[in-house]
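As structure tokens, one chain now follows by itself in the form predicted alone.
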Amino acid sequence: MNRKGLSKHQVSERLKEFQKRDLKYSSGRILGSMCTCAHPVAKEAYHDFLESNLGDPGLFEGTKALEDEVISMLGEILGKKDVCGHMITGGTEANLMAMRAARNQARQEKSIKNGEIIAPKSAHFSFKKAADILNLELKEAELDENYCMDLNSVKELISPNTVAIVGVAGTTELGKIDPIADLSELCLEKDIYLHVDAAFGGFLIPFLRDIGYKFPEFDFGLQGVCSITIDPHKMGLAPIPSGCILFREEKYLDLMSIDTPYLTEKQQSTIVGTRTGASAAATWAIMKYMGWEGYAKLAKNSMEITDFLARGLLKQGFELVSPPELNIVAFNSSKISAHELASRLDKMGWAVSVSSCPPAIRIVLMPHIRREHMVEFLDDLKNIE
């Protein structure tokens, strides 16, 4: 560390040099990320609430009220307005909280000491983290021919130690939606906690359904669903980090609460202590600004560009892993491997990712991707082939 402080100008210039090494969403060349440019309205609100700390909410009553409103609005989107939960860092923390609630409930109500969780092979890697941190055994269910969770595999994996089953609404790699309705019936029958990871799909599926797209049920409208992960910093246009965990009932938060005697709130159920209130303010601001119609238009636009890309790929002879359900397109070349194709695209300045199940080039058509970007991308693919 320098002994004498630098001028504001010097600091600014050095920061610019670091930032030059970063890719920018606005370039349209980040094709493998589920995040996007935060909306200016959300950025402004985030800046204005930087000093707020939801870890000590009695000091920031206005910010806490914003968080409560965000939870209610998200619950309304997901089928139940009177839910409870918190704004947190993102899907990983939300999934960890859900598995902790499920584990604690099983310990308290069923005396299960060596808990097991069942998630599809397509589930986010955060469930591996959760299993490790919470001393749970993760059992991975097989996928069906459409790359969705196979219900028969789930049934075979259930044991007396099963504390939770996880279904995904918008898988990270392919954007698939697991049979949540069937999982709900199964979990109600077996008295097992059901968590839905809708980190990606939560800000897409409800709006797309409203304008005519056909999707299966996945939210709190299903009685077996105990908790849902949703990330406003994905299709919600909120700044990073803006994640959210929603619970059907307050009891799930109570199962995780510990005493915090020196704070204004005497019990705390979140994993972290200090929590920025800026995320809650930014999410409140952008949700109020966009409204239902704004998000529906945003989702529709992303799906139209998704369809444009999918048709263009097929026209050029590429093979789609499956028809896209959400705004994710996964494809392969018959001539070179996915990893080799990704390497060549990287050299041309395209930041794509490679899915693992199955290996394929994975493109996420987030709001920063425009039609002209995909025209250029398809042209570059011709040169590679």
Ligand code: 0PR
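Start at 1 and count along the sequence shown; that's the residue number. Here the structure is a predicted model, which means the values were calculated and not measured.
Below: the form predicted in complex with the ligand, not depicted.
- Residue in contact with the ligand in the predicted bound form (any heavy atom within 4.5 Å), chosen from T172, S302, T162, T270: T172.
- Listed residues V41, I336, C357, M34 were compared with the ligand in the predicted bound form; M34 is the one with a heavy atom within 4.5 Å.
- Contact annotation for S227: none of its heavy atoms lies within 4.5 Å of the ligand in the predicted bound form.
- At a distance threshold of 4.5 angstroms between non-hydrogen atoms, G91 is in contact with the ligand in the predicted bound form.
- Remark: H124 counts among the residues lining the ligand in the predicted bound form, judged by a heavy atom distance of 4.5 Å or less.
- With a 4.5 Å cutoff on heavy atoms, A199 counts as touching the ligand in the predicted bound form.
- Only one segment in the set 164-172, 182-190, 70-78, 252-260 has any non-hydrogen atom within 4.5 angstroms of the ligand in the predicted bound form, and it is 164-172.
- Scanning 233-250 for heavy atoms within 4.5 Å of the ligand in the predicted bound form gives H233, K234 in sequence order.
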